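Coming up is one lone chain in structure tokens, specifically the form predicted alone.
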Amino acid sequence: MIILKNLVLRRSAKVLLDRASITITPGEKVGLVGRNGVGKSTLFGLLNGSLHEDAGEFSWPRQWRLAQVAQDMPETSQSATEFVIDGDTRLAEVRAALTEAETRFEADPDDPDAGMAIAQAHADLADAGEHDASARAQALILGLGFRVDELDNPVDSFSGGWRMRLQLARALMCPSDLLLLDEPTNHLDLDALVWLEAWLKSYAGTMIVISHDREFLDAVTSVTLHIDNAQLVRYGGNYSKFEEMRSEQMLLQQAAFERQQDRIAHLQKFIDRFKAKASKAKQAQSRVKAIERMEKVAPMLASADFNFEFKEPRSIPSPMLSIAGADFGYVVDGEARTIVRKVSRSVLAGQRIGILGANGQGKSTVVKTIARDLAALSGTITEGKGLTIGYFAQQELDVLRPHDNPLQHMTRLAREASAQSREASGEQVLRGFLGSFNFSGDMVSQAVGTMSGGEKARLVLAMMVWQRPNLLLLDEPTNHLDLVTREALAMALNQFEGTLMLVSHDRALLRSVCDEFWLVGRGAINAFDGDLDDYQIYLLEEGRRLRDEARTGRNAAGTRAKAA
């Protein structure tokens, strides 16, 4: 088991854990939660051996094998399949042992130990799963959203987000007793997320996961560790159960605090009344000592919540836009590549549309086309008069300048807005506005390129709010947002008076803010008649269908190759 006893962890001068004690038993699935900056990733550093405790005791079974997702961006010309296979550390050890034994045998063919070592290595290879390593690796890769024709592509040919998926597949490939996952869902679409949940539910080892996705935590964890005020508190249950128990705990603590304050006020009233009277001096002094001896109950101070709201749009055209016979796609080297064909749909005022679809089916292409980043390959898109689009790109830096700071971004935005509406905004107004999005002090002058993903996301939200859009296009807006900010976003979207189109793998957000769904798939856009539970079933069935097709295609290719 994993044991932390009176543990102290520091980062520079900041104490992240102060005499924290906790036990995790083998096989438990643990969600590690807490606000950004409280020390979740630092605790992972202790568990993986990259950091050491500053005081106290920490132990876990040294025979355990550890697996975790490497955070570095892989740079290699290895194929995706071989890169993931190399994540199987047991297989890699046995392969190395076989190579060493063969080298010894080549140097001295009469060495009986070398021959025995080769035989043992071959037996160990069979036990380590050499025969199906490629199939196991490819099942992981396909499950995480890659296409069959990408299995043999070099790792270097993929974008950053896809390389991080390969790092995740590599970690899952590793036979492990302890699996550490730090925000594993950040680069996943909903179809890959549903697959990952199913895989993790069948994982036999101990797992600790950091995530800001409440439905993911609910699905894969049964224990929650909460870091708060430099303490680790264990709750039996998933994230929803943790929230329920913590709310009850907060109410009880606040009630105890208020009762104690009443008791202290009563004692203090006696002290103030009689401390000057000689006949009552001893009684007054005893009450002073009673207050001093009293173990103080802390008030239940709620953390400073982050809230914002969208301004009322200046106008709300209806329809917002009309699409007639349009093909969506993009142009590469002068050649048009159509992803979605013959789209004819209208977007009306007040609609709240969740855009669903398996990976690679064209969700982002649809959003980018409506956002005017891509032109329709054919057909027409007619915008309503006064349409103002607020666009949250999947990659925040698509709309941010890394060398500029938040104030420069807002100043430029305000200048453009004042040119259109003649509403001038001074620097103090902009600083105050940024402060409402938690950009205060020196942060307004910090280069965006040095900010965290969550800070960039908040800046994009601030810029969108300032523009007073009447159509919001959000493509994976929660990737870097913590749970508190996700809640604030959901509340703001529910109060938004315009039209919303949302692509997200955060099912809690989709359930909270969307009234209807469009399904992008098999080259078309159709209304999806069902809820998100129905959609998860659809995704699992679609994934099975695609894997079966892939298996059939590869078997046919293998048969043709043998015949040739």
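So that there is no doubt, residue numbering starts at 1 and follows the sequence shown. It should be emphasised that the depicted structure is a prediction, and the values quoted were computed from it without experimental measurement. Between two forms, the rigid core is defined as the largest C-alpha subset superposing within 1.5 Å.
Absent from the display: the form predicted together with a small molecule. The rest refers to it.
The partner is absent here, but in the model of the complex a heavy atom of M451, alone among L232, L459, L387, M451, sits within 4.5 Å of the small molecule.
Put simply, of L46, V38, V69, L66 only one has a heavy atom within 4.5 Å of the small molecule in the model of the complex, and it is V38.
With the partner left out here, the small molecule still marks one of 188-196, 443-451, 134-142, 361-369 in the model of the complex; by a 4.5 Å heavy atom cut-off that stretch is 443-451. Residue contact with the small molecule in the model of the complex: D475 places no heavy atom within 4.5 Å of it. Taking the partner from the other structure, the small molecule in the model of the complex has no heavy atom within 4.5 Å of any heavy atom of S512. Mapping the unseen interface onto this chain, R545 falls outside it, with no heavy atom inside 4.5 Å of the small molecule in the model of the complex.
Not displayed here, the small molecule is kept clear of Q536 by more than 4.5 Å at the level of heavy atoms in the model of the complex. For L179, the Cα coordinates differ by under 2 angstroms between the shown form and the other one after the core has been superposed.
S159 is not among the residues whose C-alpha shifts by 2 Å or more between the shown form and the other one once the rigid core is aligned; its shift stays under 2 Å. After superposing the rigid core, the C-alpha of T89 moves by less than 2 Å between the shown form and the other one.
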